[in-house]
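Coming up is one lone chain in structure tokens, specifically the form predicted on its own.
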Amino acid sequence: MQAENKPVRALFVGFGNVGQKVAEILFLERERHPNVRSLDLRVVGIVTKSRGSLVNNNGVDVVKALQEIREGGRFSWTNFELTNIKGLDAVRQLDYDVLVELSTLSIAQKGEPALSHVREALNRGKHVVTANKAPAAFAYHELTSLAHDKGVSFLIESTVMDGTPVFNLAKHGLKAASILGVSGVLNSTTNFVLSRMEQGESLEAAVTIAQKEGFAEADPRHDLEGWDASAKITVLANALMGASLTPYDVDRQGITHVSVADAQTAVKAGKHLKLICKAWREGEQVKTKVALEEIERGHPFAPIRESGSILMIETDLLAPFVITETEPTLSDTAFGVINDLMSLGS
């Protein structure tokens, strides 16, 4: 997509932990990462819900934007690039090549406003890179079809397992195989909490630590009630198995009912409590489930501790295999976004 000497013009909607880490890598740490230097990104807009919005057709001063967020928690009132434009208006009006949609997951609103942001950008013939699970969880086939019709990309690598290349592996490495089922530990917060509860820490204390470390949201209910995990298994079922599901179709359970005694009893019995996501075929249908399970110590899922995650893929030709992510940080999710940006048009 990127012509010689022509920068990729990006509009960021959402500039939380992930967006800031993407900006940090590309604009502050660029010389430390040789392979990202070929990505010439010009950010023409950064739109947030509560921190203000910046627009500059010649390129927002991203370094200054990062400094203002870190020092004041929002963009400065004295910043000449500051504007009051809203997300959907920016998507409809600004001149950009790719929408980078990094707003927070919305279940109750069935993926909105992110879904409308993505749909509108694709309708305008703009590429979309997103770490937000909602669009692919609620409208994957509509959006991929729209992207195809418009000749642009709809890339979602950072929606599941941070930036681990799950979707790229399936697209390029499993062409001869049909995926029969996927399962795994996919929500970092619940796995972290359950691991800490095995050590005697309360659910509330473990969540507080997860929030301080940056991988649990300020409102952890999506994680603890299983909604984040449901969105992830829905994305996997839709993208890898041809399903047409939403998170509301998942047989869902969270961990809010689990006590420290429950976690420690399981350990004494040689097991670990894990919130397991599953998708499998039943005839022509794809079924999905998120539920707490006691995992035997010798199972591949058992050693996944703290914020780690794991995905097992079963196919008609290959033996089941696993993809494991150990102690991911914000850099992992940012990598997925950056790698997608570097893949546009390929």
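No experiment lies behind these values; they were computed from the predicted model shown. Residue numbers here begin at 1 and follow the sequence given.
As for the form predicted together with a further copy of the same chain, it is not shown, yet the points below apply to it.
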*asked:* Under a 4.5 Å heavy atom criterion, is residue 17 part of the interface with a further copy of the same chain in the predicted bound form?
replied: no
*Spell out, yes or no, whether the shortest heavy atom distance between residue 342 and a further copy of the same chain in the predicted bound form is within 4.5 Å.*
yes
*With the partner left out of view, is residue 33 within 4.5 angstroms of a further copy of the same chain in the predicted bound form by any non-hydrogen atom?*
yes
*asked:* Is residue 284 part of the interface with a further copy of the same chain in the predicted bound form - any heavy atom within 4.5 Å?
replied: no
*Exactly one stretch in 175 to 183, 256 to 264, 192 to 200, 269 to 277 has heavy atoms within 4.5 Å of a further copy of the same chain in the predicted bound form; which is it?*
175 to 183
*Heavy atom within 4.5 Å of a further copy of the same chain in the predicted bound form - residue from 226, 163, 247, 135*: 163
*Would you mind checking 309 to 325 for residues with a heavy atom within 4.5 Å of a further copy of the same chain in the predicted bound form?*
316, 317, 318, 319, 320, 321, 322, 323, 324, 325
